[in-house]
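Presented as structure tokens, the chain that follows is alone, the form predicted on its own.
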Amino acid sequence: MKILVCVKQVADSESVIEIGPSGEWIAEEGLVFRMNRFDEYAVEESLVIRDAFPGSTVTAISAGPKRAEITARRAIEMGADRGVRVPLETPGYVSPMAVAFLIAAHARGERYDLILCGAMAEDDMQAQVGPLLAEMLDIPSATSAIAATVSGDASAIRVEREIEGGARELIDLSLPALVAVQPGINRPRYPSLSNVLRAKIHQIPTEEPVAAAHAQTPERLVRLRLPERSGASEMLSGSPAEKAEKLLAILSTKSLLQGAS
């Protein structure tokens, strides 16, 4: 089997994230970037499936600037066979449609049997790249997967997925197909020393730029803004008994506690 796993580079949530001067995207200077956590589960699932089918290969693909090679290399450290970067040098927000268009341009020529991706990205949380990619490649897809089993003859994949109301759904997809996985489907492995050393010397090829990507984008980000404060906080001082009395008075004033005095 030929497996493609999509990995995105995002800003580390531990970094101080601020909106850039233009107001159209975050200020990237000084940020630390890493692999999207949701995609780590997709990488692990691709490795589990590969190990179950000897002779299979896993390719990790990341669309982004030069620094995105670090994310593809991280997938190799986890065990992927190779990494590919699709150049995307445009600064600022990039729509899911444009990303899916770029990855689809690569996937068409490779004829992958299975494409895996995370349920969503941590930064925009739109959960759209996977379904859009499947539509562009005209293959079946499933999202929110919490379990996936490839048939013995590698012709289909059975996916268990979460749906509304806490219910679960079992569906069978003929391969080739795309599956977007949820956290908890597995436990991502730590990179082994041998894979870390292999990743250091591995060449990450860069695909030819696809100039038409933005022509496929029917949307644009107008501006970002920080959420407004929902209300002021009040710190209570004094002994435990005094603070309890003050809290009861506040709850009574706001009619949140009947009979307080």
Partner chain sequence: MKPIVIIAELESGTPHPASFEAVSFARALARLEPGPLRIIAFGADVRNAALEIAAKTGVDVSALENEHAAGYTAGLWKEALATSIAPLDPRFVVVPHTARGYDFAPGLAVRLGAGCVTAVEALQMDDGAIGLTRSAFGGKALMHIVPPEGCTVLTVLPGAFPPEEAAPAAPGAVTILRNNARDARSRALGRTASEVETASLNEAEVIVAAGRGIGKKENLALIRALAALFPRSAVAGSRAVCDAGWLEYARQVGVTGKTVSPRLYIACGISGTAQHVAGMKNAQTIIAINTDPGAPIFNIAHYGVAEDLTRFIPLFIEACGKVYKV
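Residue numbers count along the first chain shown, from 1. Predicted model, so just to flag it, every value in this text is computed and none were measured. Just so we're on the same page, rigid core means the largest C-alpha set that superposes within 1.5 Å between forms.
From this point on, the text means the form predicted together with the partner chain, which you will not see here.
This chain is displayed without the partner chain, yet in the predicted bound form the stretch 221 to 229 from 221 to 229, 64 to 72, 197 to 205, 47 to 55 comes within 4.5 Å of it by heavy atoms. Contact annotation: G166 falls within 4.5 Å of the partner chain in the predicted bound form, judged by heavy atom distances. Although the partner is absent from this view, S13 contacts the partner chain in the predicted bound form, with a non-hydrogen atom inside 4.5 angstroms. Among residues of the shown chain, M97 is one whose heavy atoms approach the partner chain to within 4.5 Å in the predicted bound form.
In the predicted bound form, the partner chain lies farther than 4.5 Å from every heavy atom of R111. When the partner chain is considered in the predicted bound form, only one residue from R82, H106, R189, R158 comes within 4.5 Å through any heavy atom, namely R158. Contact annotation for 101 to 129: residues with any non-hydrogen atom within 4.5 angstroms of the partner chain in the predicted bound form are M120, E122, D123, D124, M125, Q126, A127, Q128, listed in sequence order. Once you line up the core between this form and the one not shown, the Cα of G23 stays within less than 2 Å of where it was. Superposition on the rigid core between this form and the one not shown places the CA atom of L248 2 Å or more away from its counterpart. With a cut-off of 2 Å and the rigid core superposed, G165 has a Cα displacement that reaches or exceeds the cut-off between this form and the one not shown.
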